[in-house]
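The chain that follows stands alone, in the form predicted alone, written as structure tokens.
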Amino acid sequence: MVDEISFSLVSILVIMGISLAFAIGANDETLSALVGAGVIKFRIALIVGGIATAFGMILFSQNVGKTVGEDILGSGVKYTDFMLLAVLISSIIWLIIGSLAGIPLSSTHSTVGSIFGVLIVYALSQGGINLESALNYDKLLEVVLGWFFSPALGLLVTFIIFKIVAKFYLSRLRGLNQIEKAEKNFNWLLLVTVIFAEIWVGANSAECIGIFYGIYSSNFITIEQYWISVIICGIFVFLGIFFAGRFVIRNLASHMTNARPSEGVILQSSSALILMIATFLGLPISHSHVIVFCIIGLNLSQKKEIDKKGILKMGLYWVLTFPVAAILAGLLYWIFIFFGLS
């Protein structure tokens, strides 16, 4: 009977992990610049972007997955099945709220916040475990610092790249014909850079992979089952973008109809570069934070007005994500403990 319950619960965890992959795809906004510029048809953009994201998640997400699924835990601490279930439920609920509101939230903040809340409750409820040993605070500090440094780098890198491109190329264009021709060329370069960016979005938005890494490292599944799950996650992140991501993408794309393709290329190149570096370092960061600060950097470089109201609205959700996810996941896990399930 115990084995049957464990098998059923692990099956639920697998389904929930795959659902998280879908939710990550549903909350991805990378295609907004491409759709706003009208380079290719909306449906084709969803397909191309979804494939690129799935490709990145399957092939390059392992470092970030290991951070979420193992390294952030304290020495000797292993996930239990109900700990993982609480993390998954909390993360998915918050991401769905963001998707329905048309606001790109951080899947990283949501998942790491959920893990934090669960581990705090775990430490308080288990004998021999204290708050100091429940978490790997050095790794957690690296992750949190990455959340602060990555947006700042996005702003700085975008500002510098635009100034360089403007000085050595854009400022030398003469007449409307030259400008229009240059922007048409940037259209196809934008397509390439968005695909490149989506690959690293998939690789870094690997919270679902982290969950499966946690299931594997806790000996609930085999290495073969782990890799099958990774591939399935890639498929479902594609489905999330195609069927549900269109709401966030359309919302942001509607504000980008006047943006030049050259600007989109600069934005996506900057964010992709930062995501790629963070992925190789095994640091899960927020792409939505990075891209918004890239936009701010672009506006500052052009001395344009910044949408402070919109940024404040997104900022409010960002600030709320970690504590709300932590409280929700901690509460769920406490309920499981209260009913003797964990």
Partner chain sequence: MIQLKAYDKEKLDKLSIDDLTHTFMDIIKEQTSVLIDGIESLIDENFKEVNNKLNYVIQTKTEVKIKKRFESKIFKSKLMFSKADRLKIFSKINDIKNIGEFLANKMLLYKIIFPDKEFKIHLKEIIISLRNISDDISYAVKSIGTDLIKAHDICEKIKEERRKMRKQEFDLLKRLWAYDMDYLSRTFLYIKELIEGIMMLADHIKDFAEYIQFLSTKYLIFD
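Positions refer to the first chain, counted from 1. In this text the structure is predicted, and so the values were computed from the model without any measurement.
Although not depicted, the form predicted together with its partner chain is the subject of the following passage.
J.: Want to guess which of 271-279, 36-44, 53-61, 289-297 is within 4.5 Å of its partner chain in the model of the complex, heavy atoms only?
T.: Selected stretch: 36-44.
J.: Is every one of G175, E183 and A259 within 4.5 Å of its partner chain in the model of the complex, counting heavy atoms?
T.: Each of the three qualifies.
J.: Exactly one of L145, A166, L124, V192 has a non-hydrogen atom within 4.5 Å of its partner chain in the model of the complex; which residue is it?
T.: That would be A166.
J.: By the heavy atom within 4.5 Å rule, which residue out of I179, L100, A152, I231 makes contact with its partner chain in the model of the complex?
T.: Of the candidates I179, L100, A152, I231, I179 is the one lying within 4.5 Å of its partner chain in the model of the complex.
J.: Would S75 sit within 4.5 Å of its partner chain in the model of the complex, counting heavy atoms only?
T.: Although its partner chain is absent here, S75 would stay clear of it in the model of the complex, with no heavy atoms inside 4.5 Å.
J.: Would F162 count as a contact of its partner chain in the model of the complex, using a 4.5 angstroms cut-off between non-hydrogen atoms?
T.: It does: once its partner chain is placed as it appears in the model of the complex, F162 has a heavy atom within 4.5 Å of it.
J.: Flag I89 as yes or no: does it have a non-hydrogen atom within 4.5 angstroms of any non-hydrogen atom of its partner chain in the model of the complex?
T.: No, I89 is distant from the partner.
J.: Does N187 make contact with its partner chain in the model of the complex, using a 4.5 Å heavy atom cut-off?
T.: The answer is yes: N187 has a heavy atom within 4.5 Å of its partner chain.
J.: Going through 56-84, which residues have a heavy atom within 4.5 Å of its partner chain in the model of the complex? Please give them in sequence order.
T.: Contacts from 56-84: none.
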